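Shown here is one chain on its own, the form predicted alone, set out as structure tokens.
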């Protein structure tokens, strides 16, 4: 029988945890599952590691961990591990402020209709009416928790507990770029057209991946997003406005 999870520590027993990854990487884990505290710790620690740790060639975050790649010709695993442990000991990363430079992005979104045909199904799974489901999503400011699965594609959360619904047991054959999907208290804003097991509840004209841009990944982990309901007949006009799709950006303090 597995040992019970230690809920007295934000990330659980044994966290933060360091694991070598390949010949030139370290994985710094802040929890064995997504939580607000573990995600906050991962975002804050990565920002600090990029500036405070010598020898880091590349870094990235997942929902609850940080990957650090170093140059093994200049820094050994033991030295990198010692430097990471020293940085971890400097503060309570689970209670750290989020990194500076974050933004709030308000994205016009068509909920339901033929453009996002699984709204009613998702609302029923959450025990809500479709109108209540739209209000719940639109009134919740969600944070980009990580970028993954496809280029520039954000995972956003958390939604209220009612949205702790599973992914589908089957795949939707294909959803379009800009589709807003939901499961397990998270939203995913699709940056590419792809099959998915997440339910398609909204459609935007926002392009999260812009390969011809100097900034191909538009959203960054830590940014906050609001999805603003708009009528379906506005979508074509929003597409004509360019890749922002009518989105408004503002800096966060």
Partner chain sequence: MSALRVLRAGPGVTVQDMGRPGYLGFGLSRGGAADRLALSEGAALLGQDTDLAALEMAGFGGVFEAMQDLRIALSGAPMSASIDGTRIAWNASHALPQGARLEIGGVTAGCYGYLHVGGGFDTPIRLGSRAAHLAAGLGTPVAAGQILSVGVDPKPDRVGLCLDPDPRFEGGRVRLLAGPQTRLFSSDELARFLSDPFRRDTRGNRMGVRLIPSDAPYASQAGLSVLSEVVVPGDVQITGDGTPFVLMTECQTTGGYPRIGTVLAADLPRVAQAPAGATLRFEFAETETASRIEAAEARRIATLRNRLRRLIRDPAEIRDLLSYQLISGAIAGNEPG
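Model, not experiment: these values are computed from the prediction. Residue numbers count along the first chain shown, from 1.
Below, we refer to the form predicted together with the partner chain, which is not included among the displayed structures.
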Partner-proximal stretch of 115 to 123, 133 to 141, 148 to 156, 95 to 103 relative to the partner chain in the predicted bound form, 4.5 angstroms, heavy atom: 148 to 156
In the predicted bound form, the residue from 44, 201, 64, 205 that sits within 4.5 Å of the partner chain by heavy atoms: 64
4.5 Å heavy atom contact, residue 27 and the partner chain in the predicted bound form: yes
Touches the partner chain in the predicted bound form: residue 232 (any heavy atom, 4.5 Å): no
4.5 Å heavy atom contact, residue 74 and the partner chain in the predicted bound form: no
Contact test in the predicted bound form: residue 185 vs the partner chain, heavy atoms, 4.5 Å: no
Joint contact, 22, 192 and 211 to the partner chain in the predicted bound form, by non-hydrogen atom at 4.5 Å: yes
Contacts with the partner chain in the predicted bound form, stretch 25 to 47 (heavy atom within 4.5 Å): 27, 31, 32, 33, 34, 46
